[in-house]
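Taken one at a time, structure 1 and structure 2 that follow are two forms of one protein chain, written as structure tokens.
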Structure 1
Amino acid sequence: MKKRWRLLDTGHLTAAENMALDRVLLECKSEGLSPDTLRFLQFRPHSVLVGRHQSVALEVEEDYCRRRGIDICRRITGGGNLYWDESQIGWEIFTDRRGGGMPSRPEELYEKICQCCVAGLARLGVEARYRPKNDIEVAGRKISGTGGKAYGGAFLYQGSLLTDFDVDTMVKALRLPVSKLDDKAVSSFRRRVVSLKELLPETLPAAEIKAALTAGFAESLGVAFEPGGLLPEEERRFRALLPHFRSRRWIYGRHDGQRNDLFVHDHKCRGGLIRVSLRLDGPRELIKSACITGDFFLEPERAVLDLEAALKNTSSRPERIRGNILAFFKRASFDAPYLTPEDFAAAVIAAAKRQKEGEHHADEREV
């Protein structure tokens, strides 16, 4: 007999409501209070979401979003900034980290779950494939981005499916390099993604798309789905947590008030983009403070905060930075697909080097 999962369709919700439900469902699953679940979600009004480790000020065109009534919120998962219009469909699974036929290695887990979405798209006549580290593509063009988060004995894995694509609003709502380029570059960016509207001969209702995805997940995971709603305890926790996810403290977090003209260095690596902002004490060659954000996945959540604290008032010399960071990760337990301690060391070293060079040039101009 196939294992039975809950099929939960929460329809259109605000960004804060969707993020609060992510937290509640993950926590309840970890505590054994919730069943294994496939959730479908949508956003109303349209929304911008930053990743758990990102800064709103550095990733979002806030004035534009406010003028257009676009919600801004922070995800509980890592990764980059995202724009959601009301047509896009999100999917999420909540299940146990161990057992149930799920791979233990993150990279293998990502592929297994993405293949569920691939199977669902095949039922719509769309030939998609998994593209490491966490994308689903059609003929080289991205149609779904994914990411996940572990909590206790459970994990959440989620993806967005482009049913339509408003690239013009997206590049105005997000701080992207392409938004500062010419029309030719924007057109090139548009060709890198694809939506169901472009691939199918007619626009399908959301219910038909969700049904196909559900069948793909059922087939790939070997489970059966039963439609259901929120349990009383989930509903209680959701109402209690919602004010927090609507608060400025959650949305801006530790990055509240971070200015756009702060020195930042972007370090691209296989695991994503690591963005480092440093304040240095030049004469004493010390790192006074560090802020590490970016488009990457790192668990537990405190790992980034602990790394920043470990760097405070330490040497800004490259060999000492590298030694301190490698020592930090050696004594810390962390989960970072495709990321290594060397990636963080390289990012911080490059940031310190560039800031020192910038201060040197500024001193020359003042002479």
Structure 2
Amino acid sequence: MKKRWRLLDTGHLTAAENMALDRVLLECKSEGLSPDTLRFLQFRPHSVLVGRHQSVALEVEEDYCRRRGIDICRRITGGGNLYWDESQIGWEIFTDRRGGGMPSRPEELYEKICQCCVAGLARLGVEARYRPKNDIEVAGRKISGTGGKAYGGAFLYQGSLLTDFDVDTMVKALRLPVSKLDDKAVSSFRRRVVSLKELLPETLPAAEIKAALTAGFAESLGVAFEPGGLLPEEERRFRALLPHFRSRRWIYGRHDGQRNDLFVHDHKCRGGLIRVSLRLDGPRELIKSACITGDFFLEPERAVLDLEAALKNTSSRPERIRGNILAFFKRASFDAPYLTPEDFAAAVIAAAKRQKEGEHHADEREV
């Protein structure tokens, strides 16, 4: 007989309510009070979330969010800044770290769980795939970002799913690796994400999407889902913890010393112009995110998007950048007349060096 999991659909909640529930459900699972759970979540009002260790001041355009009534909160899970409009559907699982057939090594775990979402999307006719380390993409374009947290003997792993996405608001609400003054870069950023609305002939009701995802998780995990609500203890802890997740202390926290600066470099080479935009945390020597555009020819087009994903959260030291890029092109199959992996390495290294030279992009001085 298949193991039974709770299917918990909490509908639209505020960001603080959703974050408080994440903590409560994870704690209760680790204490053996809660069953294994698949939760669907949505946000109302629309919200911006930063990762557990990020700084709101560095990741979010706070004035814009205030003007537009966008909630700001901090996740308990890792990863980067996210914009959630009210149509997006979040999915997350709460289960034991050991004994339930889940790998304990994070990267194997990411893949196993992302494959559940991939199986669900397949039921909608969407051919998605897992892209290391944490993305689910369709033809190179990201449709779901994921992240997790371990606590005691349990863990939470969650993802977003773009259904009908407001890219304009996202670009204005978050600090992304594109200059807001550069229309071309912004439009190129649109091509890096994709929503179900773009992929499917008709807009599906949220219930249908959730049903497909549930079936994907059931099939991939070999479990059966039973709809259920919050347990009284979960409800009690949720009420008690909610003020904490609404507090400035939680949302703004203490995240001193981090940086998230934008640096842009145009690299001219025989194969064309490679424009690299990097978000860098200088003190940590970290590339937080990258956007690579230009007039070069590289097939398949997704190779650039995969390269950007491979550079995320990697070292900004020149020798490490070069090593990572050469290793990436060794794995990837691509066609790029007059361009070599060394050209991409030189372009990214030059952009990263701008940080040492203190050359912020003009866009940054306005923020």
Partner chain sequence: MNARPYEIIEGLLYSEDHFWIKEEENGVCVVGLTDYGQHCVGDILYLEIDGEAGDVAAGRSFGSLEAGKWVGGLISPLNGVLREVNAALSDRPGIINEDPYGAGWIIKAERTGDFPAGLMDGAAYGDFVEEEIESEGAE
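Numbers follow structure 1, counted from its first residue as 1. Note that the rigid core is defined as the largest set of C-alphas that superpose within 1.5 Å between two forms. Because the structure is a prediction, the values reported are computed rather than measured.
Between the two displayed forms of this chain, it is structure 2 that matches the form predicted together with its partner chain. Taking 2 Å as the criterion, G271 counts as shifted between structure 1 and structure 2: its C-alpha moves by at least this amount when the rigid core is aligned. Comparing the forms between structure 1 and structure 2, the C-alpha position of S289 differs by 2 angstroms or more, with the core used for superposition. The Cα shift for Y64 between structure 1 and structure 2, taken after rigid core superposition, is smaller than 2 angstroms.
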